[in-house]
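Take a look at this one chain, the form predicted on its own, written out in structure tokens.
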Amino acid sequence: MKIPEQLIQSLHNTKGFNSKAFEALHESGETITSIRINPFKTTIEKSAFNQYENIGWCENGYYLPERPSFTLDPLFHAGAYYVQEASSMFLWQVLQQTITDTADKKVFDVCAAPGGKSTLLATYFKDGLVVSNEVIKQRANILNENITKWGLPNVVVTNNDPKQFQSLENYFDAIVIDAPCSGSGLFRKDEEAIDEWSENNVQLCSQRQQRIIADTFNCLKQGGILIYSTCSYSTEEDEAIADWICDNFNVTNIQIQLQAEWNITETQSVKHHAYGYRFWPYLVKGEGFFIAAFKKNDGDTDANKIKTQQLVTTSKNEIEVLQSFIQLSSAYTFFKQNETIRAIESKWLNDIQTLAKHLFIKKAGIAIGSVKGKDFIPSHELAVSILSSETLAVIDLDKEQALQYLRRQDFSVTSEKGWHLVAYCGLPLGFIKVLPNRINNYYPNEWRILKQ
């Protein structure tokens, strides 16, 4: 693996950089595999992961001794864990040190695909609302899939350019911008990124990062927290952006307390001495990463009157048919998106109406299903959500049956006719409908496993 010489030269005066260690690591072929478990998928106890090394800065993060075939693990498809790079899980630590009161907070993940940070945010702000956005349609579909599998009802997935959020002034309590970057921190995982790297691309990324911040910063309330990160080593995309934020906005940079054994490198920007945190892969067990946090000092603490859009409500008949299938807590409100009935906590209904007026929403809350005459057709989102775990009957499959289900292949179960959840190790994978002479498999066709 040949690292671009221009990158090596540009990093020589950067704190913590060791060119020999840097190049030796990339030549070694060493790889790191890490996952973050879903604490809301309660049948998977944390004790099952005690054999693995915990990631010190994230309580739900673990290193695996080797990379398994995640595609062939039904628990992966059930949303029991997310395969996430260890360094990027430091977001959890930043949140713990900057936002201790998480209740009813509204959080904006600006560049969210494929969903690692959004699933982390949904977990941390379990009593809040996470707006998870991705501008590129194809990537937004991947984001939607990963958010669905995670199963929490407190996420809204949007597919918008960041500038389309400008009408939501003083709206969010926190904004996370894991910005598109030149990707040098991921060279070890993605050798193709080396061929795409150039000094010119670094400059283009820096300009794009500034635009994204400028387009979204006013969405933050007074006292709100901006968290900026990249997987780039280049100072133009890291410390220089921290200086740019301090130049252009009324903010206070936040210093994060580190533990010595983490070996994370604390840096300061040239002009404003803003603290940032670098992850050098020869010092930490993870890939290259940079993160910095800022508190907004001006603006309002509450959003001004923002236009809302009335949602399509469900009829009395639809509610009766739905409730004959599943009983949900009275804390949830139902509305319709196209023909699908969705559920969201009632306290967030006005916010969904606000977001619907200004943005393209791919998903809000949990899709419960649709009513066809007197029949209820349940949604796959309901199956893998935490709303289904205690209210619907479950048929537990062995691993081979589970993989057959996930491939949409034929398999057999002994059960009464009708709708059933199928699960692996107690975690729902999706719905089947048992008929007199066959089983209809309702796993999404576009998500099916192709690997044998």
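Not measured: the values here are computed from a predicted model. In this text, residue numbers run from 1 along the sequence as written.
Just so it is clear, the following notes concern the form predicted in complex with a small molecule, a form of the same protein that is not shown.
- Taking G79, G276, G288, G115 one by one, only a single residue has any non-hydrogen atom within 4.5 Å of the small molecule in the predicted complex, and it is G115.
- The listed set P281, P153, G299, P180 contains one residue whose heavy atoms approach the small molecule in the predicted complex to within 4.5 Å, identified as P180.
- Not one of I37, G61 and A86 is positioned with any heavy atom within 4.5 Å of the small molecule in the predicted complex.
- Not displayed here, the small molecule is approached by P162 to within 4.5 Å at the level of heavy atoms in the predicted complex.
- Taking non-hydrogen atoms only, E134 approaches the small molecule to within 4.5 angstroms in the predicted complex.
- In the predicted complex, none of the heavy atoms of V371 sits within 4.5 Å of a heavy atom of the small molecule.
- In the predicted complex, L95 stays away from the small molecule, with no heavy atom inside 4.5 Å.
- Exactly one of the stretches 376 to 384, 251 to 259, 351 to 359, 116 to 124 approaches the small molecule in the predicted complex with heavy atoms within 4.5 Å, and it is 116 to 124.
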